[in-house]
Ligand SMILES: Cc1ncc(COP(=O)(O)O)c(C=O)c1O
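Below you'll find only one chain, the form predicted alone, shown as structure tokens.
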């Protein structure tokens, strides 16, 4: 099509946007994917069995509108009231639901700089005002620089792309001062030493966002959930799509919460945490600066003749994908997802050759 997009077809805010840039998803199965923080391990046996069992005539039927069976299972596992749980088509959809319910044109949204790069995109879509609070040299967050008048404050725990966790005491102190909501994005929390769920039990403006994409090995299924005060969930329910989580995803989510599946998750997390520590030590021995990570990835920074971008490109040519960001504070950095021991050794071997 040669015709240009007419300016009156879309809102000016959308026309000006660049949009979110997801990580590369190659079709070549031989490529070592260490770029999008997926699990290197297969889903548990109960999940795979549930998928095979579901491929029948029931696919013609709509799913449960609010995924109530899955919500009850989550409630039992995490000791959280059913009315305080919302299930979504990935945690990204829940973020979109929250923006749709809470944020209007001109409202203030704030988050750290650096953090998950989808937050500013969602803010641009809603034509919200944004405030970015820069992390200090040690990647800690100066909470005193946040506004207490923001509609929503977003915090990663652990916070990408570094993988560090902010102080629980500082998070709670800020949540008690701010007039708005505080969403704590715990996408990687199963790889960390702690979590923020108890903060939400005693602070009704805190929401805890989780996903099954990482530790549960279900990135391709798209399943997220959020814990919050029931009155918050009641409002979010009003703006979600009628059948936002499909029948297959709900069933696989239930299978993921069985004792056998949870034991598989526990074992895989243990292996990934061990490999994360091994990777950190190896990269530091190569001259990289690597902050301690509580996630399933590490951020490696190094200055030298070969730039981070050139290392990324050279590794890509060798069939190894990692993540490079053009952000000013990340131009000398590479974010590396923790893979299997074999994948990690291959990466380190090729990296040594390049250096």
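Positions refer to the first chain, counted from 1. Since we're looking at a predicted model, the values are computed, not measured.
The following text describes the form predicted together with the ligand, which does not appear among the structures shown.
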query	finding
Candidate from 196, 187, 165, 86 lying within 4.5 Å of the ligand in the predicted bound form - any heavy atom	187
222, 240, 247, 126 - the one with a heavy atom within 4.5 Å of the ligand in the predicted bound form	222
Heavy atom contact within 4.5 Å of the ligand in the predicted bound form, the stretch among 87 to 95, 105 to 113, 129 to 137, 269 to 277	87 to 95
4.5 Å heavy atom contact, residue 160 to the ligand in the predicted bound form	yes
4.5 Å heavy atom contact, residue 211 to the ligand in the predicted bound form	yes
